[in-house]
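Only one chain is given next, in structure tokens, and it is the form predicted alone.
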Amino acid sequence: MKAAMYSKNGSPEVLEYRDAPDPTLGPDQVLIRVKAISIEGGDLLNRRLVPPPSFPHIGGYQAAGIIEATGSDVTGLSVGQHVVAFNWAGSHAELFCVPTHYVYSLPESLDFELASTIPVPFGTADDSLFEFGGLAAGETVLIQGAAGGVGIAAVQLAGRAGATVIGTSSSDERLSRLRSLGMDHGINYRSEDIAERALELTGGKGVDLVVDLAGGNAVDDLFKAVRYRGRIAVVGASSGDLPSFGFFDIIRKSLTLAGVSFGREMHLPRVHRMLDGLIDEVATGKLHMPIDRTFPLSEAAAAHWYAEEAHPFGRVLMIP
């Protein structure tokens, strides 16, 4: 098979497109013929910072395709079935070998490209808002980094749950697009003070929940923006820089702080039920993920560069 792989950490140029052995199928795994790959934030972070466990290493979290073979112990999944799947590595290839607990069935009517964007962005957003964030109808949520894939999903999920949605982004044009997806108020963090504007929008009270999708780049502003006894859900570290805050930042406002690592939850039955519902809503047009640009897998380095540096609105895909 062909795959995009790397042997050392670094910029997108470390990615090489070349031949690789077909994956070896285990008894509880399925082999997927990949039709579309969604580049996730973790793919970029791993390529830059996490030493590859083998040489060369095929990166990538998520892809959609058709099951080509099943292991001897597999039940409930069959050859020819349309699926989207997650794994900690391996999606940047023509074939993707995945444990069954990370495989999610698709209706055949759902386009593979759109399907490839669902589990990590929508699932992370859902968990950040509800499982860990405790968002309820009538509350106000501040989504920091709302124009990325998880942010776009969070805007839609929070709005339909009856929350007031405040989102931050780097331009008025991106904020306008987010409003069309259900965001109530936008903050351009290049020209506005996040905390000041959030407090103004909440009558000085502060927001009930902050979902930080931008790696803590504005952590001081976010602590100012949240109300007394509010909640903060921290998702990822997209910049690779790890900000810090003191115990008193949490104590003086009696805050609840939750860290969200959705990949560690994706094998659970509750997540399968949740993703089944989200997949159905994307398939029926109730939820939407913009696809900013599509590259051939052979141009993986360019695709990673675009995802990392061009500030795409939505997801960047690769097609084998």
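One-based numbering along the sequence shown. Because the structure is predicted, anything quoted here is derived from the model rather than measured.
What comes next is about the form predicted together with a small molecule, which does not appear here.
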>> Looking at 278-286, 66-74, 23-31, 41-49, which stretch has residues with any non-hydrogen atom within 4.5 Å of the small molecule in the predicted complex?
In response: 41-49
> Even though the small molecule is not shown here, does residue 116 get within 4.5 Å of it in the predicted complex, heavy atoms only?
Replying inline: no
>> Taking any heavy atom pair closer than or equal to 4.5 Å as contact, tell me whether residue 191 reaches the small molecule in the predicted complex.
In response: no
>> Since only the chain is shown here, I'm wondering whether residue 311 would be in contact with the small molecule in the predicted complex (any heavy atom pair within 4.5 Å).
In response: yes
> Counting only non-hydrogen atoms and a 4.5 angstroms cut-off, does residue 197 reach the small molecule in the predicted complex?
Replying inline: no
> So which of 106, 103, 232, 120 gets a non-hydrogen atom within 4.5 Å of the small molecule in the predicted complex?
Replying inline: 120
>> Just to be sure I understand the contacts: of 145, 186, 206, 90, which is the one whose heavy atoms reach within 4.5 angstroms of the small molecule in the predicted complex?
In response: 145
